[in-house]
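Single chain ahead, by itself, as structure tokens, in the form predicted alone.
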Amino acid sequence: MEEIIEILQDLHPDVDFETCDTLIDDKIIDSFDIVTIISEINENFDVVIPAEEIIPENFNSAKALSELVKRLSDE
């Protein structure tokens, strides 16, 4: 999860990603950020996030993103 937090902090260094679970709901990250996050995850974890997984629940927190990466890595 630490690598995911680093990716998020590069985008928004002022946010506490360890506790925030409303990144989408509170409009902390936007669609451009999501594209960047997907690209970074693909590059760092060698995981492709399919279109059907690009939903707010998977991007609302660092924990949710971490769980998504783990799930996709296991497939």
Partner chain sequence: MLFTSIEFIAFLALVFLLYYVLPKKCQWPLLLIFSYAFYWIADPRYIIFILVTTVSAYLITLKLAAINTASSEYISAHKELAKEEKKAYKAAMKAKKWRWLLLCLFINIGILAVTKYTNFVIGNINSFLDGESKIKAVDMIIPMGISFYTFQTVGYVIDVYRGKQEVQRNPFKLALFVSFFPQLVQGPISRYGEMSKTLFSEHRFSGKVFSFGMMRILWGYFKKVVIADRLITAVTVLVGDTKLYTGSYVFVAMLFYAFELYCDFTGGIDITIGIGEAMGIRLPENFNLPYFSKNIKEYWNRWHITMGTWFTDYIFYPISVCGPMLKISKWSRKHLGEFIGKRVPVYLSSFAVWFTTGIWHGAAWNFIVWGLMNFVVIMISQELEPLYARFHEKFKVRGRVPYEVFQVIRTVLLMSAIRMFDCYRNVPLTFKMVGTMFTEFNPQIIFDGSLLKLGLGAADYIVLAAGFIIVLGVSLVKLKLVSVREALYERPAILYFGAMALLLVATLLFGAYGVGYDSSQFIYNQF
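Residue numbers count along the first chain shown, from 1. Just so you know, these numbers come straight off a predicted model, no measurement behind them.
Heads up, the form predicted together with the partner chain isn't pictured, but that's what we're talking about next.
**Item:** All of Ile34, Ser39 and Ala51 within 4.5 Å of the partner chain in the model of the complex, heavy atom check
**Value:** Verified in the model of the complex; spot residues all in contact, yes.
**Message:** Residue-level question: is Asp30 within 4.5 Å of the partner chain in the model of the complex, judged on heavy atoms?
**Reply:** Asp30: yes, in contact with the partner chain in the model of the complex.
**Asked** Is Asp10 close to the partner chain in the model of the complex, meaning a heavy atom pair under 4.5 Å apart or at it?
**Response** So Asp10 counts as contacting the partner chain.
**Item:** Exercise: Asp26 in contact with the partner chain in the model of the complex, heavy atom 4.5 Å
**Value:** Judged by the heavy-atom cut-off of 4.5 Å, Asp26 is well away from the partner chain in the model of the complex.
**Message:** Test of understanding: in the model of the complex, would Asp74 fall inside 4.5 Å of the partner chain by heavy atoms?
**Reply:** Although the partner chain is absent here, Asp74 would touch it in the model of the complex, with heavy atoms inside 4.5 Å.
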